[in-house]
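Given next, in structure tokens, is a single chain: the form predicted on its own.
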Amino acid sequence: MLTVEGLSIELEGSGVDIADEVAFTIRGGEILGLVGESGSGKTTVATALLMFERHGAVLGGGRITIDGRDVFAMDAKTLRSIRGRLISYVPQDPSMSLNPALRIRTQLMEILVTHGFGTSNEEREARVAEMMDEVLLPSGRDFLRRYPHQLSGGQQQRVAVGMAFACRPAMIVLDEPTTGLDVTTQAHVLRTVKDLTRMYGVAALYVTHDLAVVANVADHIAVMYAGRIVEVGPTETLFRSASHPYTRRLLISVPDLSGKHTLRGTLGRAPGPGHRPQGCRFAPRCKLAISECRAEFPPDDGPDENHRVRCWRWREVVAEPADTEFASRLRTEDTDGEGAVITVADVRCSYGDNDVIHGINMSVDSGRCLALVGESGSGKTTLARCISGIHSGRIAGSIKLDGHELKRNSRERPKSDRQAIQYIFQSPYASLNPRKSIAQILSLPLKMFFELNRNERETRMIEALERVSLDGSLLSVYPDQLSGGERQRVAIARALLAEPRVLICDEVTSSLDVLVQASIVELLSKLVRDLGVAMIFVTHHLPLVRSLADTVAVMNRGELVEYGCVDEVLDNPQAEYTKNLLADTPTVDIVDVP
């Protein structure tokens, strides 16, 4: 259904490649997972299938054939006609792709009318009802009259999936469509995509950095690194016998729900366009690299015709035994905590007249990590904001720090209490001021909580950056010059400079690729061990809980449904809600991780 041959994408006017020698095929009814860390070129290649050129990029050459039609040979008018009819696209953020000023029905009808689907309005109305049934959404008049903001994130994403399948295309591109969704909503969207792909014989390209997702939805996987595909093969084959060192590094960075192994990040970052080495682009980060790897990019090779790999030493990679280094655990379960730092007793809170938290009781010890988990809307973040004093609604009950009662609003708390509790937000893109340098950002907590001269502040800032594995030279740069993972490390460093007793991490890894996520989790675990801080880790990603937390609190609709030791809760859940969460969590249990 789809054939890509020798596709190259370049920086406009420079000849520098963003992606090069990209080649793969997808049969009807099959899903190919395209994986790799941020900056590998996944989305650039995916959008190129629709002949879209991202800002500053141009298609350099190659061939793209969809259902026997050469897309490269089409003029602009023909391309507009096939987008949505022959090939469709599902973006990462549905709230940005759905028009906020138009009702759902209007947007669904628009794509059918634009592409001339059906011969009458009645046929199109029938197709709209069928589309809603296919994505498991109500097809009644009341629901279709809603605007996008009146739907949940999962409902918006399912509407976007329905629109993509509306005209029954031959090919569909899904660009990280479940990033940021809780596990239950993600499971619904993944099932919908898989079922519709099989039902209509559609070829699907699923772009993601989440290997646990791709393990459960894709038939084949293509691994990208620095603009080139380095390995491609059937899903189970790739997970059981990865033949490229980079693929293996990705696999050991996947959080493990079973607890058999821990995750581990990889130092360094993929080289960007214009900075890529002559030979194998992974060679600077590869412990198996030899002179041949640095001299020339390896040819297409591999164990068989279905499992291809571009590595000079893939046979040695396959023969390499499992690395026992990864049998260790990140958690500090064998150490005793030093007593409760945060105590929450019968806490209730609301937004206006709506009660959203109902009688929560829990505590967090020094040198320990408590994970707050649950679906979107369960109250996790609201409870975390109550503890930190930034919840804007009414709060009842008791919240204590080291035994003394905390004021409800952080502005009313003494400086010592504000210093003791530091909050790290989900998006480092939003939490770091783009107009301030890293030095200006990091100096704020030092000026607020300590009396230091300029040289003392600079010394502490450099130490904080080094503690989160960043170089002190970054003090002079601005946030837009850093990657997402580097920005999040700066946000962590800023919180640590206050020398807090409690660190609240609110979905801090949700938008990061697996390698960066693994390194951030490693870092946070080390900080809990070395500094003895109490951590509250808010997440909907249960496999991370096993790697990082000592205790877990499961929330649903503002109530605490299960609370206890992480191993006991995850291995032997008592609440039906917890059992459902675990059942909906994508896993890579089929993998014998090398």
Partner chain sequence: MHLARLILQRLALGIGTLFLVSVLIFLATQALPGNAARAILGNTATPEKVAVLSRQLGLDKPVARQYAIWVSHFVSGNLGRSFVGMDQPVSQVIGQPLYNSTVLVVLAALVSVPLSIGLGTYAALRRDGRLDRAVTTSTVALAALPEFVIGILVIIILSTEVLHLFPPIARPNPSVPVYRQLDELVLPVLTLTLAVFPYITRMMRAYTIEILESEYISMARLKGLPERIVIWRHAVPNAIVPAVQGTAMQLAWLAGGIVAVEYVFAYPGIGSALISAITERDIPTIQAITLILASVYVLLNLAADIITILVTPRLRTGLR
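Numbering follows the first chain given and starts at 1. Only a predicted model underlies this, so the values are computations on that prediction, with no experimental measurement involved.
Although it is not shown, the form predicted together with the partner chain is what the next lines describe.
Q: Evaluate residue 258 for contact with the partner chain in the model of the complex, applying a 4.5 angstroms cut-off between non-hydrogen atoms, and reply yes or no.
A: Taking the distances in the model of the complex, the answer for residue 258 is no, it never comes within 4.5 Å of the partner chain.
Q: Check whether residue 93 has any heavy atom within 4.5 Å of a heavy atom of the partner chain in the model of the complex, and answer yes or no.
A: Residue 93 belongs to the contact set for the partner chain.
Q: Taking heavy atoms and a 4.5 Å cut-off, does residue 84 contact the partner chain in the model of the complex?
A: Yes, residue 84 is a contact residue.
Q: Though only this chain appears here, would residue 102 touch the partner chain in the model of the complex if you measure heavy atom gaps against 4.5 Å?
A: Yes - in the model of the complex, heavy atoms of residue 102 and the partner chain come within 4.5 Å of each other.
Q: Tell me, please, which stretch of 147-155, 428-436, 202-210, 394-402 lies within 4.5 angstroms of the partner chain in the model of the complex when heavy atoms are compared?
A: Heavy atoms within 4.5 Å of the partner chain in the model of the complex occur in 147-155.
Q: Does the partner chain come within 4.5 Å of a heavy atom in each of 110, 115 and 163 in the model of the complex?
A: Yes, all three are in contact.
Q: Work out which of 179, 382, 97, 366 lies within 4.5 Å of the partner chain in the model of the complex, going by heavy atoms.
A: Contact check passes for 97.
Q: Quick one: from 26, 66, 50, 527, grab the residue that has a heavy atom within 4.5 Å of the partner chain in the model of the complex.
A: By the 4.5 Å heavy-atom cutoff, the listed residue in contact is 50.
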